[in-house]
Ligand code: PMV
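This document opens with one chain alone, in structure tokens, the form predicted on its own.
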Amino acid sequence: MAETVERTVPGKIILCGEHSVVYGRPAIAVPVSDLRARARIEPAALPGLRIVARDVQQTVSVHDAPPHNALAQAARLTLERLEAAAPSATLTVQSALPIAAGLGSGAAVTVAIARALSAFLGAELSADELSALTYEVEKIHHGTPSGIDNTVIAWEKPVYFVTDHPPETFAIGAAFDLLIANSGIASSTRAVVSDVRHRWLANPEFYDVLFDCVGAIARAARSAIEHGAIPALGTLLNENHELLARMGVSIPQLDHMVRAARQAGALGAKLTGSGQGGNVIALIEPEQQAAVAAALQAAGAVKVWHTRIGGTCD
């Protein structure tokens, strides 16, 4: 058993395929290496395992917490997988990922807990094991999760994802730059996914056409990424946003930010995640970063991050 162990994991963004992925169409998600969740575990004098989540000012006992506590459940499932007893230790979690913003904060915290705890116990879980474990915890956060957050964060690679199929990692033909702009509006993935399901049940023909179109965009986007066709990817992101707006998951604030990014020179822009708040992503040429970031902030973004997919940020 290690004295002290620390692990970090990235957040994620969905490039394309939101909501339609729940209905069997493909989606593409990529890790956001610049925004990470961190878990640190160290021995404690008191018996039992405690988790301290400073960002939400919560301390939980893994033994006593109810089943719906996601932090405790992440630890319990890890211990079950390892067939191990809870150590006498304190596990501290911190995250640079905003909550309820579509960046996979819940899944990132779960994977960080599982990696740190398993390493503390002298074991290592595979990406498949981490993904399956995290999916179970995601049910607490989202009700009916798509499976994409746990997959891309556990694997830490760009993923082409179809529900009930093995995740496919794929090559990036050319690195590309994204700005992630936080609207400052919290969004419940569980609530938005449920709302879309109710709309689909009320009008399945209309929504199935939208889902098919979004799935086609995801397939085309994979090809564009593999071939380094970055301007074509921008066009696809724009088309994806319009379809998400037709699904009813965009809001005026997100639409305003998307328009501002495009007008400032972004190759493409769209909401990312469940919608009704959260984030917008903008695909940019590196020299456009300052202008597009300023336009997003002027349009109401409370925070803008830069990340490079397939490379490192300067």
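This one's a predicted model, so the numbers in the text were calculated from it and none came from an experiment. Quick note: we count residues from 1 along the sequence shown, nothing fancier.
Heads up, the form predicted in complex with the ligand isn't pictured, but that's what we're talking about next.
Which of these stretches, 122-130, 108-116, 81-89, 185-193, has heavy atoms within 4.5 Å of the ligand in the predicted complex?
Partner-contacting stretch among the options: 185-193.
Is S146 a contact residue for the ligand in the predicted complex, using a 4.5 Å heavy atom cut-off?
Yes, S146 is a contact residue.
Evaluate A299 for contact with the ligand in the predicted complex, applying a 4.5 angstroms cut-off between non-hydrogen atoms, and reply yes or no.
Judged by the heavy-atom cut-off of 4.5 Å, A299 is well away from the ligand in the predicted complex.
Considering non-hydrogen atoms and a 4.5 Å limit, does the ligand approach H19 in the predicted complex?
Heavy-atom contact with the ligand at 4.5 Å: present for H19.
In the predicted complex, does S274 come within 4.5 Å of the ligand, counting heavy atoms only?
Residue-level check for S274: yes, a contact with the ligand.
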